[in-house]
Every structure is written in structure tokens, then in C-alpha cells.
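A lone chain, given as C-alpha cells: the form predicted alone.
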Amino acid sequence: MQRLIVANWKMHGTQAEGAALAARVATNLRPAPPGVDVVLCPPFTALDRVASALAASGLRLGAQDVFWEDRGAFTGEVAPPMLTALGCTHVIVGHSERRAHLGETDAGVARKLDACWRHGLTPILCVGETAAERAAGQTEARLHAQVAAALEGRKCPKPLAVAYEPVWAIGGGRAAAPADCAAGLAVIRGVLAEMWAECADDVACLYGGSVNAENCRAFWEEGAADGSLVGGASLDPAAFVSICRQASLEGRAWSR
């Protein structure tokens, strides 16, 4: 399995700024590090310019969200065919910021997964517990519920990545410990094994939440993550390139 490194730029950058950042990342990742898939997810408004900046680079383009219908009277939403027309291959789905601020539900997230799969997009499903849920000992139950709701009634094989993003570790620089990462991913992989036994091993399980160039390897090597969903550090081209190069499988044992 290739390691998967995803940059989530969130609501940062104009078209010109996004194109410049993408170009710097693409230039500094030549030659592409072996064994690594790199996906950049800029804001919707920058997708077209970033796609041009990534042309022939081998880096992939992703979106930060998608709607579950292909067209219609849904003001402000972006449909899957709009994303594929721009060259997107991946979509972040169910990020905790959208769940918290925009009221996204597990049922809505599942519909977005279906929309991605209809159009050949790989969803990056985000799951994670809040600080209150963690303090109450509900981490395992919350992760199980989120992943199960996304997969219920949906048969594999379908392209999928799952990102464990403990809500309390997103922003502010407070990353989880590698042991916390490993425990969370064990729950996620357990649900995948139960519900998608035939293709569970093909699902990349990532860690996200204050990932940076200094701590990323600990999450892969001690935390058993197959890659990273990178937020703030992805806006720093030097830091993000460092993360991608450290993720290379060249010359290192990799069991997944």
C-alpha cells in the first residue's frame, strides 16, 4: 500500500495564492518520492488554478467537500461532476469542522460517500471524538458509530480512505500521542474488518490533527497510520514537502 498524504488547505488562499503554493510543492517534489500518493485539497474557488499548477506533476487534486446530488436547486453546493470535470480524484467527506459548524450528520456523510462512488471519486472519510466524548470514555463507541453509519448497506470494493481526526487535536498544535493514534485506528480497522472484510486491507487509514514535519513519522511508525491528513502544516510548502519526502517507502520496511 502506498502512503497517502493529503493537504487540507481549509478556507485559505485566493486563486493566485493557491496556484503559487501548489506550484512550489510540485516543483520541490520532483522527482516524486516513491511509494507516496500526494493529494492537495484547496478551496473550491482555487481548484481550477491549482489543477493547472499540478499538471504533469503526478500530484493529485482533491476537494474539501461535495454535495450528494448531481444537479438541482441546491444553492451554494458543488456537485460531483463539477469536481471530476476539474480533475479531482479525491474528496474530504465529513470533516469535524463541517459536522460541528454546519450540522453535518452521519446520514448526510453516507450520502456524500455514495455520490463520490457514483463518479469515481475517492472519499476521505473523517471520523473522530470530541474532548468531552474522550473524557467520558466514549471514543471507541463514537468511532465505531461513525464508520458503521458510513458503510451500512454499502458493499465493497469501492475506493475509500478513512482519516482518524480526534476533534480535540485539530488546530492549536495539540496532536494526539502515537499510542492514541494506534488505538483509534485499531477501532476503525476493526469496523472495516467486520463490515468490509473483502477489501478492508485496501482502505488507507490516516491520522490527522496537528500533524507536522517533526511528528509525522511517529504516527506512521508507532501509530500504525497509512498516511496523514495535514492541515496547518500543508500551508507551509517546505514543511509539507518534508512530510511527503519522509513518507517515502524507499529503503524502509513497510508492512501494510
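Everything numeric in this text was worked out from a predicted model, so none of it was measured. Heads up: residue numbers just count along the shown sequence, starting at 1.
Not on display, but discussed next: the form predicted together with a small molecule.
This chain appears without its partner; in the predicted bound form, the one residue of Cys41, Val50, Ala225, Leu229 with a heavy atom within 4.5 Å of the small molecule is Leu229. The small molecule is not drawn, but in the predicted bound form it has a heavy atom within 4.5 Å of Ala169. Contact annotation: Arg24 falls outside 4.5 Å of the small molecule in the predicted bound form, judged by heavy atom distances. Looking at Ser210, you'd find a heavy atom of it within 4.5 angstroms of the small molecule in the predicted bound form. Proximity of Lys10 to the small molecule in the predicted bound form falls within the 4.5 Å heavy atom cutoff. With the small molecule left out of view, the stretch that reaches within 4.5 Å of it through heavy atoms in the predicted bound form is, among 190 to 198, 26 to 34, 210 to 218, 66 to 74, 210 to 218.
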